[in-house]
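A single chain comes next, written as structure tokens; it is the form predicted alone.
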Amino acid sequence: MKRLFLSITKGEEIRFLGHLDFLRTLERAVLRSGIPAAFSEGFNPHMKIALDAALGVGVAADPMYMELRLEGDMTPEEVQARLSPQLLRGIRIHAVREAAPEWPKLINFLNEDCYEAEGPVTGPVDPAEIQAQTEAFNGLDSFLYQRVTPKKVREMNVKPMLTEPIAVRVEGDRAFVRFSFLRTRTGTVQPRDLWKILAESFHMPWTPGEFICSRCGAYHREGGLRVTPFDEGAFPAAEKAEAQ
């Protein structure tokens, strides 16, 4: 059974398509293309297709990574050529790569997400004050935040989850924040959390909850270095064994 990794886009046109609907959309495109996708066994077989993460509703992504297993033999170039015409507007294939059986699943390999959030400016903009508040947040060693939901209150330390200093800019009547989060097995801070923290605790000129967000990168980060599943040497042990 052949494994393929695909680098795709979830674009602006389908930003508000939920995770399961997006996955079903991809499954239907694969079926229309005639690609020999593999299915699970049993009374209710499912296509062996998976995304690298479940994005929240309203989050676009470029790139997003997808794994597809094939029953038949087909080259990555043939898969891209046959699948591309079947995709909706807003979904585009950047590249397709054959994955070795021993390579980890994408959801286990990727551990860092980079985002850009943007929303309307709702008050006076003082560039010096925005810079000072950004530096104040970046200079903290820790920041405890309580995420309140109908079922529970969860306290988390935001700063260890951020891999780099955040960057804030204002262009016209729009504010933009760029940041990177680590993925953890116990969960992580969400873009909406950071947007709210900056508005409420650091007096940024926007309203909590009034923003859209795009994921602009997903990586495996280790020792200060980051790679994507399409970088040469991304899976060094497996690639070395394959070459021998």
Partner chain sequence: MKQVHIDPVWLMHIEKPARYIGGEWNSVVKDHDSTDVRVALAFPDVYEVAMSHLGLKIIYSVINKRNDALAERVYAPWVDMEALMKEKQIPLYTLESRCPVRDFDVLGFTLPYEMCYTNVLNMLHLAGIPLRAAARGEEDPIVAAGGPCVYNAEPVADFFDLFFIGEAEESMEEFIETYKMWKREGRPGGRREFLRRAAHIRGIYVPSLYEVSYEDDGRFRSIRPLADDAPAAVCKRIIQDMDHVVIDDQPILPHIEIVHDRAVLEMFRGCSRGCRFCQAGMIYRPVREKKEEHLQEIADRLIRNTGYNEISLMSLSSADYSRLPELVDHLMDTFRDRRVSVSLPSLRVDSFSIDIAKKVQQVRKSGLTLAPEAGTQRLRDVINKNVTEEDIMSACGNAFRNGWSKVKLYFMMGLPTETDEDLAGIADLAERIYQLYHTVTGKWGCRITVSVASFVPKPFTPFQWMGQCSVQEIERKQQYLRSLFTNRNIKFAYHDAKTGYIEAVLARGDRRLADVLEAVWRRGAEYDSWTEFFDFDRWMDAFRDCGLDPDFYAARDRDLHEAQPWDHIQCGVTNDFLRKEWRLAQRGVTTEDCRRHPCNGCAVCPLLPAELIDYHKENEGHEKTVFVYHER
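Keep in mind it's a predicted model, so treat the numbers as computed, not measured. Numbering follows the first chain given and starts at 1.
Just so you know, the form predicted in complex with its partner chain exists too; it's not on screen, but the next bit is about it.
Chemist: Should residue 120 be classed as touching its partner chain in the predicted complex when contacts are defined as heavy atoms within 4.5 Å?
Modeler: Yes, residue 120 is a contact residue.
Chemist: Does any part of residue 174 reach within 4.5 Å of its partner chain in the predicted complex? Heavy atoms only, please.
Modeler: Taking the distances in the predicted complex, the answer for residue 174 is yes, it comes within 4.5 Å of its partner chain.
Chemist: Is residue 101 a contact residue for its partner chain in the predicted complex, using a 4.5 Å heavy atom cut-off?
Modeler: Taking the distances in the predicted complex, the answer for residue 101 is no, it never comes within 4.5 Å of its partner chain.
Chemist: With the partner left out of view, is residue 139 within 4.5 angstroms of its partner chain in the predicted complex by any non-hydrogen atom?
Modeler: Close contact is absent here: in the predicted complex, residue 139 is far from its partner chain, nothing within 4.5 Å, heavy atoms only.
Chemist: Looking at 62-70, 177-185, 196-204, 210-218, which lies within 4.5 angstroms of its partner chain in the predicted complex, counting heavy atoms?
Modeler: Among the candidates, contact is made by 210-218.
Chemist: Find the only residue in 88, 93, 81, 162 having a heavy atom within 4.5 Å of its partner chain in the predicted complex.
Modeler: Of the candidates 88, 93, 81, 162, 88 is the one lying within 4.5 Å of its partner chain in the predicted complex.
Chemist: Would you give me the residues of 38-71 that have any heavy atom within 4.5 Å of its partner chain in the predicted complex, in order from first to last?
Modeler: Residues within 4.5 Å: 39, 43, 44, 45, 57, 58, 71.
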